[in-house]
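Form predicted on its own, single chain, as structure tokens, below.
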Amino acid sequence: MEAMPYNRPMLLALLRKHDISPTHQRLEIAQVLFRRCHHLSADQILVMVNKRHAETSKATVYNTLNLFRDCGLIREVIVDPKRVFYDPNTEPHHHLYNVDSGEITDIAADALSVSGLPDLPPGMVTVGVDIIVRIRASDSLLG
């Protein structure tokens, strides 16, 4: 995904559109997420935000990420129980995760197909399927 041309007024409008009060810290976090459009961890976001203004706490970053996720602005990508990344691309897509480098790459939704989903309980519908394909260098398996 390419970087989106979000400037500060556009980020203000985006947050307000989702009924999010645009505090200084929320704007800084949004700027890091939406200007780069990379999959970032909360710790990476904290470092980037505090490079500009060393006033944002880890708790504020986590609370803001949870708020953005709950409002549909970002997606959580949980590659394992200890590694969570935040993705500003909320369009349907999947992920390729390099376990050696920690890099996450988008896979277009139409590049994969899923068949054989289980029968759902009565009254339930499928709202999405998230696939993470984990990869590593083939020579790392030899040693």
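From 1 onward, residues are counted along the sequence shown. All figures in this text were calculated on a predicted structure; none of them were measured in a lab. Here, rigid core means the biggest group of C-alpha atoms that superpose within 1.5 Å across both forms.
Omitted from view is the form predicted in complex with another copy of the chain, to which the following refers.
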Under a 4.5 Å heavy atom criterion, is R136 part of the interface with another copy of the chain in the predicted bound form?
yes
I'd like to know if E91 sits close to another copy of the chain in the predicted bound form, meaning any non-hydrogen atom pair within 4.5 angstroms.
no
I'd like to know if L27 sits close to another copy of the chain in the predicted bound form, meaning any non-hydrogen atom pair within 4.5 angstroms.
no
Taking heavy atoms and a 4.5 Å cut-off, does A59 contact another copy of the chain in the predicted bound form?
no
With another copy of the chain left out of view, choose which of V84, I104, L67, C37 has a non-hydrogen atom within 4.5 angstroms of it in the predicted bound form.
V84
For the chain seen here without its partner, which of 113-121, 43-51, 59-67, 28-36 has a heavy atom within 4.5 Å of another copy of the chain in the predicted bound form?
113-121
In the predicted bound form, residues of 66-82 near another copy of the chain [heavy atom within 4.5 Å]:
I78, V79, D80, P81
At a 2 Å cut-off on C-alpha positions, does M124 qualify as shifted between the shown form and the other one after fitting the rigid core?
yes
